[in-house]
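Take a look at this single chain, the form predicted alone, given in C-alpha cells.
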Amino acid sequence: MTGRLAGKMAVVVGAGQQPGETIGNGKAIALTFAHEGAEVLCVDRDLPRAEGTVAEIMAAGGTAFALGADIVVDSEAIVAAALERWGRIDICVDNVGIGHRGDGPAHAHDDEAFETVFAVNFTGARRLVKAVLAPMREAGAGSIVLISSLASTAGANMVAYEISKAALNRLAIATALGSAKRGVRCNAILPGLIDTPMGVGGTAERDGRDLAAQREARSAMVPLKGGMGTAWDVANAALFLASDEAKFVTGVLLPVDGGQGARIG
C-alpha cells in the first residue's frame, strides 16, 4: 500500500463480481482503491456480490462496506447512505453497464433493447452524478470517474450500447465544465477489449464461441503486444483519475485500449 488515496471516502457503483474466470472492472477498482488507503462503499444491485468484494478488501486489511442498490432507481439512496456513514464523498465511480440481446445495428435493434440499455448505462449514471454533485460542490472538492467504453467512439453493431456510452462521455465533459469552479473533477475511462467475465463470457455466447476461442479472437484485434487488457488496467487508470495526482485533470476521455482506438481507417 502506497497510500495514494489515504483518507479518501470512495463510492464504487458496480463493485460486485460476476461469475467467471477473471476479475471484473468494478471489483478491481474497489480492491485497488482500498489497497491505496480509501474506505470504499461497494455498491451493486446484487448484494451478495458486493459483500464478496468487501470480504476480500477486509481480508487484505482494508476498510469497506456493502450496499445493495440499483443505480437506475436508487442513486439518491446510494449518496445518502455514503453521507450518513462518512459525512462526505471524495470519490464516486460509476462502473455500471449492460448489453442486450435485442441490441444491434441501427437498422436491426429493437426498442426494448435501446430503452433498457440507455436507462442503465446513461440515465442511472446521470442520476448518480446529479446526486453526488450536491455534496461535492458544497465541499469544494471531489472526483467523479465514469466507466464508458471504446464502443462510444467506434463500432456499428450495438447501437444502444454505443449511444448510451457516447452520452456518458458527454455527461463527463458537461459535469467537468459545470463544476470546475467548485473544485469537482469528472473524467471518463474508455476501456477497449478487456478480459472480464462480462466482456469475454457475454460476447462468447453472442458470437457462438467457447471462452478460449473468444479470448484469442479479441486479443488478435488489439495492436499492443499481449492482446486484451485486464480489469487491473482499468483500475489503475481509475486510481490515477481519482487521486490528487490528477488534480489538474478534468473533462478527459481516457482510452485504456492497447491502441485500438488510435487506428484510423
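Quick note: we count residues from 1 along the sequence shown, nothing fancier. Computed from a predicted model, the values in this text were never measured in an experiment.
In what follows, reference is made to the form predicted together with a small molecule, a form of this protein that is not presented.
Only one of 207-215, 235-243, 55-63, 24-32 places residue heavy atoms within 4.5 angstroms of the small molecule in the predicted bound form, namely 24-32.
Taking 129, 188, 96, 82 one by one, only a single residue has any non-hydrogen atom within 4.5 Å of the small molecule in the predicted bound form, and it is 96. Note on the partner interface in the predicted bound form: the residue among 89, 160, 172, 71 having a heavy atom within 4.5 angstroms of the small molecule is 71. In the predicted bound form, residue 143 stays away from the small molecule, with no heavy atom inside 4.5 Å. Using a 4.5 Å cutoff between non-hydrogen atoms, residue 120 counts as a contact of the small molecule in the predicted bound form.
Not displayed here, the small molecule is approached by residue 147 to within 4.5 Å at the level of heavy atoms in the predicted bound form. When the small molecule is considered in the predicted bound form, residue 194 lines it closely, a heavy atom lying within 4.5 Å.
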